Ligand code: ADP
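Here we start with a single chain on its own, the form predicted alone, put down as structure tokens.
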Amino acid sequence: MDFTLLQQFTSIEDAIASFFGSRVKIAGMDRVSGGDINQAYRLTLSDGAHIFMKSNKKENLSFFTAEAEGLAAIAKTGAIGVPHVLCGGVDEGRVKGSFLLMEFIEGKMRKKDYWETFAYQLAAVHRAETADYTAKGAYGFAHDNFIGAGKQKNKVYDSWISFFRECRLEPQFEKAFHFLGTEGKKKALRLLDRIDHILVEPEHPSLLHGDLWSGNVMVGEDGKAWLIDPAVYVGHAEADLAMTELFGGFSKAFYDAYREAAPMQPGYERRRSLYNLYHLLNHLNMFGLSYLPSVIGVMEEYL
């Protein structure tokens, strides 16, 4: 299935007119928090409706094409809420760059069973059929995409271990060698050689959000968790769970409910840091030396 069909316009005004009618105009444009990569806005329309907009440089329209593709892939599972994407394009007037328009989620109070429901929904995403997401293979994705601002390689493999080594750790290590130095590079190469002895093949492939930390989960109007800013691919569900624990973690109720819905393979706690090494390396490559001690610490944990 092709998830790349993002309708594109040459101006935000034309996009608004196409979806809401020629009489509807932009009445307000307010900045909202939107991460480190894009600028984010709440657009108020002349009919009182709100929509969400991201913008970036012209040459970064591919960020938004990949985001729309990822949201569509998660939506296809029918297991959890994601914002509906309207369209994208390059605007020469208002933002002078690329843009993405989507549904504006008016966050509500969490439901009483928010964490348990989130866990059950995520487990359902991870159980969903994955054949439509990879071509003639089990792990990867139909197209490359992004992890933050960095490119994410999604070549299709039959082996999860081979995919994680060659499409996740190897590209990040290659970018990070100038941070690691001679000894760090030696440790990285030794670790890559040992991955087969650390990771396990999953019982079944799973569609992953790919960047599942608290900043990429919001409360929808239904009081349930909605997923945003995906870096999707098909992999081992453990990789998503590990990412949730990297920057503070979720509620204990979430993890208890997830394990009830989808029992983990033995040894997950031993593998968790290796999955998160991918994200730590990505942060090292994007943000610099403050992440180097964490990267070295994880590498030494397995050597």
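Bear in mind that the values here come from a model prediction, so they are computed numbers and not experimental data. Don't overthink the numbering: it's just position in the shown sequence, from 1.
Although it is not shown, the form predicted in complex with this ligand is what the next lines describe.
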Original post:
Though this ligand is not shown, can you say which of Tyr114, Tyr120, Phe179, Phe104 has a heavy atom within 4.5 Å of it in the model of the complex?
Top reply: Phe104
**OP:** Could you check which residue among Leu61, Leu45, Leu246, Ile37 gets a heavy atom within 4.5 Å of this ligand in the model of the complex?
**Re:** Ile37
Subject >> Phe52, Asn216 and Asp229 each touching this ligand in the model of the complex (heavy atom, 4.5 Å) >> reply: yes
Original post:
Is there a non-hydrogen atom of Ala253 within 4.5 angstroms of a non-hydrogen atom of this ligand in the model of the complex?
Top reply: no
Original post:
Any chance Val32 has a heavy atom within 4.5 Å of this ligand in the model of the complex?
Top reply: yes
Subject >> Non-hydrogen atom contact Gly89 with this ligand in the model of the complex at 4.5 angstroms >> reply: no
Original post:
Heavy atom to heavy atom, is Pro83 within 4.5 Å of this ligand in the model of the complex?
Top reply: yes
Subject >> Region of this chain that lies against this ligand in the model of the complex, out of 232-240, 260-268, 52-60, 22-30 [heavy atom, 4.5 Å] >> reply: 52-60
